[in-house]
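Taking the form predicted alone, here's one chain by itself in structure tokens.
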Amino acid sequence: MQVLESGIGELIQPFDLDEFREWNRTKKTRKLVDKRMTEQEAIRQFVYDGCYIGTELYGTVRCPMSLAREVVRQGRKNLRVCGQGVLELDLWLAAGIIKKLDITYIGLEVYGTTAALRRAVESGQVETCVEWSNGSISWRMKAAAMGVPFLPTRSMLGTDMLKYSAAKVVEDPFTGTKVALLPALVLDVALIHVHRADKHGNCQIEGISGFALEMSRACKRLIISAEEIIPTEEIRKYPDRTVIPYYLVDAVVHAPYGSYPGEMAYMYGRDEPGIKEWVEMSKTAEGAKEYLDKYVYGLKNHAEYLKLIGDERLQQAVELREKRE
């Protein structure tokens, strides 16, 4: 195919799909072993300095906040990140642990662009920022899951986003029209929060699925946090609900309110005052540090975080969900 145009962005995560296939054959067990561990154990074992890591969510829905806070708490650094996030990536930016960013969207939704992102990019703390659309980053993972080096699409054609990405435009050999080729994306580590899982890693998600299916199949190591851990017998009653099968999963972490202050469909709503607290404090580097000291560094684990939040506020989040229903 004739390459008509190439994006000027860096391919932050070069890939070898044969190596990825071999990894899945030899490093992923098909045995039904107990994969339960704490946040500390999972992050310590599977997240390392300089890795390419991604978080899966839809805005503040099913955001893996308990895992994201533990990554900060353990002082990981020089991370290369798949940047489609809100609160969790904002914490990482404020903590100074992101070095390179494949960015689709990092913002605070109704509150606008994040001050932490702006500071990190403008200061040079984030050395590389490569642009992608929400759809294109998901399709890159889908390419990896399919075992193909790219997916052809018309997404991003005619936009400056393509110019600042690492995509290529080619002439379609069948029709002669222009198509964009999105390179496969293989993550070193992925963090996904789900409604429920069994001890082996079979996962169920309710409500919007985001890009959990694509990311879970495009990563070498997968850490799952779950609101509930249920018996495998219960999982097997509804096999159609298992959207992430156990053999993709490396660690299962029990994390009630694991998305808090974000929301969990049919379980609890988002804590708007809690989110606004971060919005206001993160406007300055000093305020962001104060927030991290209070809610991350000053606590040992997720259980202490929930204790700090308090039962009353957690119950209010549940009642908010019930009112919406």
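In this text, all values refer to a predicted model and were calculated from it rather than measured experimentally. For every residue, the number given is its place in the sequence shown, counted from 1.
The same protein has a further form, the form predicted in complex with another copy of the chain, not shown here; the description that follows concerns it.
Just one of H254, K99, R241, K199 has a heavy atom within 4.5 Å of another copy of the chain in the predicted complex. Which one?
Looking at the other structure, the residue within range turns out to be R241.
Determine whether any heavy atom of P231 comes within 4.5 Å of a heavy atom of another copy of the chain in the predicted complex, and answer yes or no.
P231 lies outside the contact set for another copy of the chain.
Applying a 4.5 Å heavy atom distance criterion, does T175 contact another copy of the chain in the predicted complex?
Looking in the predicted complex, residue contacts with another copy of the chain include T175, since a heavy atom lies within 4.5 Å.
T153, heavy atom within 4.5 angstroms of another copy of the chain in the predicted complex:
Yes, T153 sits close enough to another copy of the chain in the predicted complex that at least one of its heavy atoms falls within 4.5 Å.
I'd like to check something about D18: if you look in the predicted complex, is any of its heavy atoms closer than or equal to 4.5 Å to a heavy atom of another copy of the chain?
Looking in the predicted complex, residue contacts with another copy of the chain include D18, since a heavy atom lies within 4.5 Å.
Taking another copy of the chain in the predicted complex, which residues of 194-228 have any heavy atom within 4.5 Å of it?
The stretch touches the partner through E206, G207.
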